[in-house]
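Alright, two takes on the same chain below, each alone as structure tokens: structure 1 and structure 2.
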Structure 1
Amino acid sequence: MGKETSTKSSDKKFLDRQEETLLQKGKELVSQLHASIKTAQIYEQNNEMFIKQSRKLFDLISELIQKEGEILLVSKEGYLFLNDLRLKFDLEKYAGSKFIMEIFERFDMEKISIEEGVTSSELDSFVYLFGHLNPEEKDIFDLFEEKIHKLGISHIKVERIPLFKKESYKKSLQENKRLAKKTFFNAVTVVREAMSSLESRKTVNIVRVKRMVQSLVDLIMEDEGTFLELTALKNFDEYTYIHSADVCVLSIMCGVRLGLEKNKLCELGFAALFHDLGKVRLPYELINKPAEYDDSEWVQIRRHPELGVKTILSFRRLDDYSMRAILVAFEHHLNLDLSGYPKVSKKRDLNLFSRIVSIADAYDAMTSGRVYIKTSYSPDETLKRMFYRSGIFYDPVLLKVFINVVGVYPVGTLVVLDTGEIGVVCGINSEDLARPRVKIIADRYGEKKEYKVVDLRKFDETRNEYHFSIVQTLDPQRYKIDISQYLAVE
């Protein structure tokens, strides 16, 4: 019996190692495919750079085929799968995975299969097609498949997304948006109820908070775009609660980019949600004062990190969640150089979660213009100000990760395009952070037409230039434009 158990255990370890190897090779495949398509968009097939990159891709594919027999790369419900194994990407390979998923979507494609016997010539032609076919063409999948056959590519096959799956996926996206909005405002309610319970000296329902954070993590991993829109909405009165939810969402997104495991993402979200919990012990009039603080009021405000620690310690049970939250509550206003508050006497390394929350907290506060910073800044101006303080106030690596999350022109930025049209950034492109998706809200004369969304990555090869480019950003307050009406999630 003992020998049989030992054999089963050894078999499981062997299978786990095989799966881990395939997972790593799968991520590398996506990365190399991304690099090859981008190279094909710049160089001809006989160019040395293209040949060098295509050789890397071919060698990797040959290795995978030797081990697996066939390669099946599938895009399904917002994820990439290699031979039924779901691929999970960290920050380094995240942009490449998003690019490949978008390629699948644009070409109306669900599956690529590469069979034993594929040649480097077939692979080069296949990749080159991706780099030069215009996905805006009518019936793009049929055109793509036709060209594959004409080029004699027989060992690489593509499959179209079935119509019923497309409709199901659209419904799934709509449902995700509805759930995202519901969960986001549920987070706001949870913070409000927790603070209300603490004010009344009642017990906080920690189990409910954890469940809500776990739901947030699940939904953010599926549809972070909707949550970026929600965090960009700034026209709410209950700033303290909305701010906590915003910081929670933005922190989780950073954690996803860093490749944190789900349990760590949940701990991070919990700590971020309660980072300002100490404010419950400060006067309501002080927290919501519309004018600047005087010196004595600042003394009180700067007590909230320590008060947060005491408040979390008052929870009946202390576990990994609450211990993380204690650290973040204490450290989130300490700068990287240990300036800020509360004052610390000994040199220390700030906790990773604290450094993440510090960035999310500062960004949301500066773009909201509430509590500490009475004048709000545009999202792009906020990032510039934070970037100048990188290495002193903020962890420079984590700030780059954060910019990767929100984009160079974050959702909610009011922009002027080179066409003279005015628009609001409504989505970012991980592949090119400087070229987001923009909802055009007015023409060059300021007249409002039917709103349309344009992707600033669209390139006109005949004129060798982009269709649209951002030439400047505007202050929405100066022009009395309510950004939120263009971002409200359905």
Structure 2
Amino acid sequence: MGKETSTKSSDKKFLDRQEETLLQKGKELVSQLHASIKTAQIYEQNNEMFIKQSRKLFDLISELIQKEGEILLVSKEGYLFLNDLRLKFDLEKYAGSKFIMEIFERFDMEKISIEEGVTSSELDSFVYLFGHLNPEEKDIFDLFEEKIHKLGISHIKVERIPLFKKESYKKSLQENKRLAKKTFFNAVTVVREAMSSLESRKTVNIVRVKRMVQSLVDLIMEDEGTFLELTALKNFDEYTYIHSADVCVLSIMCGVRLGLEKNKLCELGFAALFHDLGKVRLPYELINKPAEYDDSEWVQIRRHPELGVKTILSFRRLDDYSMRAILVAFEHHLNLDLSGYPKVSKKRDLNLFSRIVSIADAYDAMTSGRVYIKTSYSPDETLKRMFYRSGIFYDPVLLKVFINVVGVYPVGTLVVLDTGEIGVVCGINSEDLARPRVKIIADRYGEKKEYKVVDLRKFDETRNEYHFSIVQTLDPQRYKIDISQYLAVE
């Protein structure tokens, strides 16, 4: 029996190791494929750069085929699978994975299978097609398949997304948007309820909180965009609750980029959601005071991290979730150099989650312009200000990760385009952070017009320049522009 168990556990370890190796190779494959397609978009097939990159990809594919027999890369439900194994991506590989999923979607493709015997010239031609076919063309998949056939690529096969899946994917995208909105409002409701329960010394339904955060994690992993819009909406009556939900969402997004495991993301979301819980113990009038705080009021406000710890201790048992929440509640205003509050007696390294939440918290508070930061800044201005304090207040690398999430022109930024039109950023392109999607709200004469969304990545081949570029950002409050009305998620 003992022997059997030990054989079983060593088998299991062996399988786990094998899975881990495949996972690593899978991430590498996606990354190399991304680099190869990018190279193909710039260089011709006989260019040295292209050939060099393509060789790297070929070597990796050969190695994988030797081990696995064949390669099956599938894009399904917002994830990439290699031979049935779901691939997970960290910061370095994140953009590449998004790019490849986008390629699958744009080419109407669900699967790529590469069989034993594939040659480097087959692979070169295959990759080159991605760089040179226009995905906007009608029946792009048929065209793509026809080219593969014509070029004599026999060891690489592609499979179209079945129509029913495409329809359901479209539906699920819409459904996800609806669910995202609902879950975001759930988050606000959960915070509101938790805070009022604590005020009246009732218990907080932790299972409900966990389920809500888990839903947020799932939805954010599938569609960040909707949540970026939702966090850009500002509501002045329920600032504290919405702020908590915003910080929760932004922190999870940052965690996704860092490649954190789902359970860790949930822990992060939970801690972020309750980072300001201490405010429940401060007078309502103080929290919502419409004017600047005096010194004594600041003393009170600065107590909310410790009060947060106490509040969490008062309603939660000590487990992984609550302990992380305690840590984040305590550290989120400490600053990286510990110059913030509360003052600490010993030097300490801020926890990863506290570093993330402090960035999300500052960003949301500064763009909201409520509570004790009385002046609001536009999202891009906020990022600039935060960037100046990088390494002092905020972890510099995490701040960069955060900007990669929200974009250089975050959703909600009021911009002027080189056409003279005014627009509001309504979505970012992670491939090109300076070229978001913009909803145009006024023409070059200042006239209101039908709203139209333009993608700033759109390139005019004939004029050899982009159709639209941002030339300036503006402060919406100064011109009485309510950004939220242009962002309302359908």
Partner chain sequence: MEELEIKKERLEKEQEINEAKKLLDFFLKALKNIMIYPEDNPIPFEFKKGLYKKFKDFLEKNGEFKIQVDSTNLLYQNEVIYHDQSKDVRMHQEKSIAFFIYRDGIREIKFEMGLPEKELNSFLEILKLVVKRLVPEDDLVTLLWGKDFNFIKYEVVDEILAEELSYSTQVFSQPDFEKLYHSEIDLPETEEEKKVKGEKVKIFVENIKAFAEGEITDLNKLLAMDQKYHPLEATISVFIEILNQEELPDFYEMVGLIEKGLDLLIETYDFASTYKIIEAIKQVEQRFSGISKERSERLKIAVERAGDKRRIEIIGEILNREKKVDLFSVQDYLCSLYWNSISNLINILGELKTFSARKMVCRVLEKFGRENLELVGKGVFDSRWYVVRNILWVLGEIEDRRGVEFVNFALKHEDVRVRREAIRILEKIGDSNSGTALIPLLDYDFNKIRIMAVKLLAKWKVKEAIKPLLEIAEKKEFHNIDIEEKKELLLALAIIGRDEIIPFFRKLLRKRAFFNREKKIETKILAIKALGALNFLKAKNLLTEIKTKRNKTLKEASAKALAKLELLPKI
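These numbers were taken from a predicted model, which means no experiment stands behind them. Basically, rigid core = biggest C-alpha set you can superpose within 1.5 Å across the two forms. The first residue in the sequence of structure 1 is number 1, and each one after it adds one.
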*Since only one of the two is the form predicted alone, can you say which one?*
1
_With a threshold of 2 Å on the C-alpha, tell me if residue 208 counts as moved between structures 1 and 2 once the core is superposed._
yes
_Is_shifted residue 137 between structures 1 and 2 (CA, 2 Å cut-off, rigid core)_ = no
*asked:* Does residue 439 shift between structures 1 and 2 by 2 angstroms or more at the C-alpha, the core having been superposed?
replied: yes
*With the two forms matched on the core, what distance in Å separates the two CA positions of residue 462 between structures 1 and 2?*
4.4
_between structures 1 and 2, C-alpha offset at residue 414 (rigid core aligned, Å)_ = 2.3
